[in-house]
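Starting off, we have a lone chain in the form predicted alone, written out as structure tokens.
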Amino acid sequence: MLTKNDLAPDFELKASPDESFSLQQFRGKNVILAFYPADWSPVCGDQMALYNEMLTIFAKYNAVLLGISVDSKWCHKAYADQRKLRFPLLADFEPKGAVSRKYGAYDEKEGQSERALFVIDGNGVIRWSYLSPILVNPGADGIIEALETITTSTTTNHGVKTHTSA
């Protein structure tokens, strides 16, 4: 699994039949990638509902949230509509799990994304990652801590961290 200071691989995935998102389009913003096993599973439902409620907090950190699983764009649309989710769910559907594999967040045995989180800074560098047990909602504490770290420090082009004054 990719970890802190790795460059986040770019991707472009469908969120709906007529809407796609790429990581590149969010350059300059912090991005939270939430890989999860499947729409409609109980733990995934709780996790995505929590993140939906936290969108305004994430926005205070100049962050956007993208959910990713191997479900299809049609499944994501139905799930997002039913759960009233206000962030994109991206279909890592075909080739199945290709983006999940790039991030090291694919469960080959189950044929689904792992429950993995990545916080990526505005330069496309992973600042935090976490692989959660599949039956455990990882919550948002780690995400918030990573976003706090990003907002209080910057990384130079040489990878040396410096703190900025508030």
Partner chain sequence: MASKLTPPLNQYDHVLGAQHPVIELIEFGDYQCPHCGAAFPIVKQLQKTYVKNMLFAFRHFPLTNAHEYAFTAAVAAEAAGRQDRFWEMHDLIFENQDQLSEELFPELAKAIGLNMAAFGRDLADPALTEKVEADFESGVRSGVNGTPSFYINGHKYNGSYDYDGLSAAIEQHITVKH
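Positions refer to the first chain, counted from 1. Treat the numbers as computed from the prediction; the structure is a model and nothing was measured.
Not pictured, yet referred to below: the form predicted in complex with the partner chain.
Across the proposed site, 57, 84 and 141 without exception bring a heavy atom within 4.5 Å of the partner chain in the model of the complex. Only one of 32 to 40, 62 to 70, 107 to 115, 131 to 139 places residue heavy atoms within 4.5 angstroms of the partner chain in the model of the complex, namely 131 to 139. In the model of the complex, none of the heavy atoms of residue 12 sits within 4.5 Å of a heavy atom of the partner chain. Although the partner is absent from this view, residue 148 contacts the partner chain in the model of the complex, with a non-hydrogen atom inside 4.5 angstroms. Although the partner is absent from this view, residue 98 stays clear of the partner chain in the model of the complex, with no non-hydrogen atom inside 4.5 angstroms. No residues of 99 to 118 lie near the partner chain in the model of the complex, the criterion being any heavy atom within 4.5 Å.
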